[in-house]
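We begin with a single chain expressed as structure tokens, specifically the form predicted on its own.
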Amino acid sequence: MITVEQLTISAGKFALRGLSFALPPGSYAVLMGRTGSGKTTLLEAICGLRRVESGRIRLGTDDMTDWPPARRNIGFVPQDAALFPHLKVREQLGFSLAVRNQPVALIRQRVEELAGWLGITPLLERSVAGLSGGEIQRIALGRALAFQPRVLCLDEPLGALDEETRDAMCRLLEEIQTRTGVTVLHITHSSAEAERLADCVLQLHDGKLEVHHG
């Protein structure tokens, strides 16, 4: 379970105050709200990328409010995917394991497993230059899933994709949920995505958070 208790975060003149919600293990939550409502700010705070002024963030029984990002066991796919331009796809997928000093054989095995599952095995020796939006999102998802996180945070992962690719990615996200049981928090502006994927919708409006369970 991921639990947010009375969270206050500031970003310049903008602030979110007193936000609270709880996501059961294995749930798929969609976070919605207008542009500028603070969705990415909240996601970054949960991932440890933005300082929390007050309140608590818990993963299970662990209070991780002050933990560095690498300790949180949260996979994160930012809005622009943020792939490394100098690394091949194989190295992208194995990056989080390499920085955790995992054995080379384990990294190779996990990369091959993820590539097969995500349908990107033919891309492993490619650079990221010239890849399609759908391919880039699959690689970013694989990188985030490589270390088997307990929580997966997605910042508008489907926003830049055409309708056919978006549908394929929705199917992939559903499969990820079924296969791994990971708890997902997914930012989107699309009510269709929310209706298809979410069992819980978090709505940010004027700094307040409304929680709707499916």
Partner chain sequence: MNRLAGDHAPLSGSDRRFYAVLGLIGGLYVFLLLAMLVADAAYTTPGHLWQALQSPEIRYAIRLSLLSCTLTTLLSLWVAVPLGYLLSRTRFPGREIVDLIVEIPIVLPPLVVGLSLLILFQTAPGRALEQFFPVTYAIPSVILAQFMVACAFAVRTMRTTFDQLSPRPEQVALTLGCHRAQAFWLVAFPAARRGMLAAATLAWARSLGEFGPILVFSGATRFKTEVLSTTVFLELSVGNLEAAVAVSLLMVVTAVAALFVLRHWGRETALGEPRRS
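Keep in mind that what you see is a predicted model, and the values were worked out from it rather than measured. Numbering follows the first chain given and starts at 1.
Form predicted in complex with the partner chain: not shown, discussed below.
Which of these residues, 168, 59, 176, 49, gets a heavy atom within 4.5 Å of the partner chain in the model of the complex? Result of the distance check: 49.
Complete contact of 117, 134 and 192 with the partner chain in the model of the complex (any heavy atom, 4.5 Å): None of them does, since no heavy atom lies within 4.5 Å of the partner.
So which stretch, 158 to 166, 37 to 45, 23 to 31, 184 to 192, is the one near the partner chain in the model of the complex (non-hydrogen atoms, 4.5 Å)? Checking each option against the 4.5 Å cut-off leaves 37 to 45.
Hey, in the model of the complex, is residue 105 touching the partner chain, heavy atoms inside 4.5 Å? Contact check for residue 105: no, nothing within 4.5 Å of the partner chain in the model of the complex.
Counting only non-hydrogen atoms and a 4.5 angstroms cut-off, does residue 143 reach the partner chain in the model of the complex? Output for residue 143 is yes: heavy atoms within 4.5 Å of the partner chain.
Though only this chain appears here, would residue 123 touch the partner chain in the model of the complex if you measure heavy atom gaps against 4.5 Å? No - in the model of the complex, heavy atoms of residue 123 and the partner chain never come within 4.5 Å of each other.
Taking 4.5 angstroms as the cut-off for heavy atoms, does residue 139 touch the partner chain in the model of the complex? The answer is no: residue 139 has no heavy atom within 4.5 Å of the partner chain.
Any residue of 126 to 155 with a heavy atom within 4.5 Å of the partner chain in the model of the complex counts; write them all down in order. Stretch hits, in order: 127, 129, 143, 144, 147.
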